[in-house]
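A single chain, nothing else alongside it, follows as structure tokens in the form predicted alone.
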């Protein structure tokens, strides 16, 4: 990047699966860095694995990024001057670079069978040898002989000839200057036997062609960086700056995997996690605005984002913290905004239908948002609102309904509610106290049976809200059915 020019960063997923939590965090950091410095966020699709690529995976990745609010400036569906943005469409560029490498001598043909290379590396591991990978047997082949064997159809790969005695310095914004000796880097495969280039080869070529100034990626790629820098030197390409972000760890302290929970962003979306909470949570994985801020908006995150403040240590994926954040976001969401987000979950559970009004949904949101962590919780919390939802009371509700005087309480409540001019009574607590006084009972002996008969449980929102959500006809029906089951048989 030229001094004073805006940075260009990229996120480069492979469409061989869904967007992983780690990839989403990397995309978020790239996006925030670009937005913080008025730069460009490039989305590049590394689709050279033709056997595993799928249109469904690509769609899932794009949809997950959009769900998180991570918009890209160049890439699929956007275009841009540095395209094409699919590696499968850049093959001519890769072939030209490989031709140049063979001609200039920094690539060479290797005819060693894969079984020989695998056995060699196994021997090195068993002997705890300091030797690094491939032993460079084919590096000394006469060029004319190598070309003859290739022309005859003999299978081979193209390897990068790592120069001896060089120091490769990675300028890393998180880890400082990381130094490698070229003797620590094996002659790596640049082009496979079928002609398909490898990740390290095309990644460096594309970063240069797209003028990427900063490569922000996971620390597992740090070992690839000296290979890519050596390729840049061989081609005379500018070297980007780097920031290798820490791993995301599961609760067991190991790299996050399906052993400890969901790993794909799509899974969290499908379960009803609020997107702003997920954005917030990902931003906290390895970064902090300060020592006291847990909740922030995307704008606040961008304003505070700095590569030098990203932690070196692994970040723990704390699901409890994520759930707390989700609850905080839902509680802070006005009922009018929350209502349409809950509708799909309530509809799937059979609690609402196409004719259900926005007014009812807002009432539901206001009654339940203090009890929700996820949108999907609405279907569980509101299950009693389905037809027959209170017919099978839980153990505590069953005990409350079995108490003496319960039948009399429910019958009296139903009679008074039927006669009420306003339903539910505007001041329900005063109404309930009057009922209890008329029956000569304490409030607990009135409220528990009412709640149990109306919802089949002793939890949930206030009874007045339950009545409003059920409506007069359904509420009276539940009270009378429960009272009828408790009434003594006629003589």
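Positions refer to the first chain, counted from 1. Only a predicted model underlies this, so the values are computations on that prediction, with no experimental measurement involved.
There is also a form predicted together with the RNA; it is not shown, and the following applies to it.
Using a 4.5 Å cut-off to the RNA in the model of the complex, not one of 413, 418 and 427 places a heavy atom inside that distance. Shown alone here, residue 221 lies within 4.5 Å of the RNA in the model of the complex, counting heavy atoms only.
When the RNA is considered in the model of the complex, residue 26 lies well away from it, no heavy atom lying within 4.5 Å. Shown alone here, residue 460 lies within 4.5 Å of the RNA in the model of the complex, counting heavy atoms only. Of the heavy atoms in residue 357, none are within 4.5 Å of the RNA in the model of the complex.
The partner is not drawn, yet in the model of the complex one stretch among 229-237, 262-270, 208-216, 311-319 has residues with heavy atoms inside 4.5 Å of the RNA: 311-319. Note on the partner interface in the model of the complex: the residue among 173, 121, 109, 90 having a heavy atom within 4.5 angstroms of the RNA is 121. Site annotation in the model of the complex: the residue of 287, 242, 296, 86 reaching within 4.5 Å of the RNA with a heavy atom is 287.
Residues 370, 371, 373 are the members of 342-381 with a non-hydrogen atom no more than 4.5 angstroms from the RNA in the model of the complex.
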